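Look below for two forms of one protein chain, each set out as structure tokens: first structure 1, then structure 2.
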Structure 1
Amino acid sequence: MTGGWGFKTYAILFIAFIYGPVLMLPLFSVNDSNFATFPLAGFTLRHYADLWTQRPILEALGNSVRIAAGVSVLATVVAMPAAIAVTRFRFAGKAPALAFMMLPLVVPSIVMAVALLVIVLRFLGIPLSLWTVAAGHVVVCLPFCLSVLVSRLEGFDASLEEASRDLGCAPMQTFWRLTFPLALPGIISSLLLGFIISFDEFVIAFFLTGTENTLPVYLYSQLRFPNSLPGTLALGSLILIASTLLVVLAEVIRRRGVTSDNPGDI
């Protein structure tokens, strides 16, 4: 019994340590003051109402949404054939190829950002813009999308595809009539996860952006202005809620139709 209570206490303290600072964001966003301090000056929702009158924030938000939407689609399109190759075929160099595609997961973001900046400016001679940010985000999102799709493709019986080919279906017919419908929850989950990662990414966007900012870069630039803090907190709270809902939705969709012996799975 003592061990059980000790574990529960540790779990509560761990969750509070990880998520406590994040939960301060919505708390201070309803504070009737320009400063995030205790005690709270009062309760107000005017910071949320003022967001829709701030054109720079809305423009940065639009940039991030457009980039995230395009990146999620492109990363998923690239990851889908790679996931099929990894889960359905045996070929020389399979493990090194998979490790190379997963490399952005372990390489520090600052190192990746500097490397991409050097490639874009020195070797390719491309001016920095939202297009270069999108290209960098594709590199970052690809391993996440690939992981989701590989997990989904490994979750259903591959003999169904063999049966389809035995019945005379061409490879593309098998893909569109069988593999794609069965993998659709994973594809949707990949799109949602890619969107979230691209939308929230800061370091690569900070290095590769030009005259137009994404939302994380814009919010960072506004932190030195006290009058901009309430709006930043309000928008950050909305993004926090939306990101949490999208992550939960992506995981629920990914697990749909996949059997599991783990009672803790959704």
Structure 2
Amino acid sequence: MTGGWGFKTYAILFIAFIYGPVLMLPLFSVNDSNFATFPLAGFTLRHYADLWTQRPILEALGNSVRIAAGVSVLATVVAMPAAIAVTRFRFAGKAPALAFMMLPLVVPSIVMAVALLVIVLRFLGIPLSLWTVAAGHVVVCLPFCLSVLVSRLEGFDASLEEASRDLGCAPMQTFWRLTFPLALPGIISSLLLGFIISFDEFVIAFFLTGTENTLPVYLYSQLRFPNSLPGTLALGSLILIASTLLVVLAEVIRRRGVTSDNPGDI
């Protein structure tokens, strides 16, 4: 095939472009130096060992995990019935309602952040806290969770649910005996994606957090101090590795579900 090599070379360069810069973080994090510079000075894990002695990091990590866990569960629980409505019901105004739920995708997060800041501080008079961060994160996650669930529910034939009704199951029974188990890979992947998005989100957390930090906010505060660079690199690498594992897991679960549950291709 002509141009086959051109395309292949391009693909390799493309992969190098999207991974290259990011891989600098783990590379320099094990470099025995206080600067992120070439030539490499030798292998060390001491930057990682130092992390565990720093209370602020551990506290921020705890905050982030708690927020992300709560946010992913709430966003998924709210998105699931909405996804059923989108895929299984016909009604006027569905498209605008769906568009409204997808809106966070196209509202810059800084606008969302300041809007929440305004209503929380100036209109409601609530002090900023991790709760306000979580509220913002739920909305950011919703379009993603909704999309994953909608595509999962579309992946199987609506006549399955009709068959379940026909065989005597009331709507709730149909949900638990049929829809839920079939949608499970999508639900798990929605939970994982929600977790990652919230865990990595910075701008909204930066504006809406009170005295407590999330991990990205802590990390950002450290970025401007050159002498904390090695620790930042190590922490960043850990975050990258963790989210990569979660994403791969989410994708693998979702894809495996899709291929094995399509009865159409006999």
Partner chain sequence: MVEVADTAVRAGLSGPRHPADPARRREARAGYGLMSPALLLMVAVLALPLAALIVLSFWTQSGFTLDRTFTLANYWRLIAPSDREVEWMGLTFRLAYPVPAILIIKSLVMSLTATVAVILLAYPMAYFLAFRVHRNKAAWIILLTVPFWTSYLLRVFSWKVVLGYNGAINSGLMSLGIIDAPLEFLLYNPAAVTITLAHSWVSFIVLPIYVSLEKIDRSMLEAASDLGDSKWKRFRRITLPLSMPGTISAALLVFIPTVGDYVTPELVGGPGGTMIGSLVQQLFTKQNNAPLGAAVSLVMMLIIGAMVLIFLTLIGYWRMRARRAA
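Residue 1 is the first residue of structure 1, and the numbers go on in sequence order from there. Quick caveat: nothing in here was measured; it's all calculated off a predicted structure. Rigid core: the largest C-alpha set superposing within 1.5 Å between the two forms.
- The form predicted in complex with its partner chain is structure 2, not structure 1.
- Superposed on the core, the two forms differ at Thr9: its CA moves 2 Å or more between structures 1 and 2.
- Note on Tyr19: its Cα is shifted 2.5 Å between structures 1 and 2, core used for superposition.
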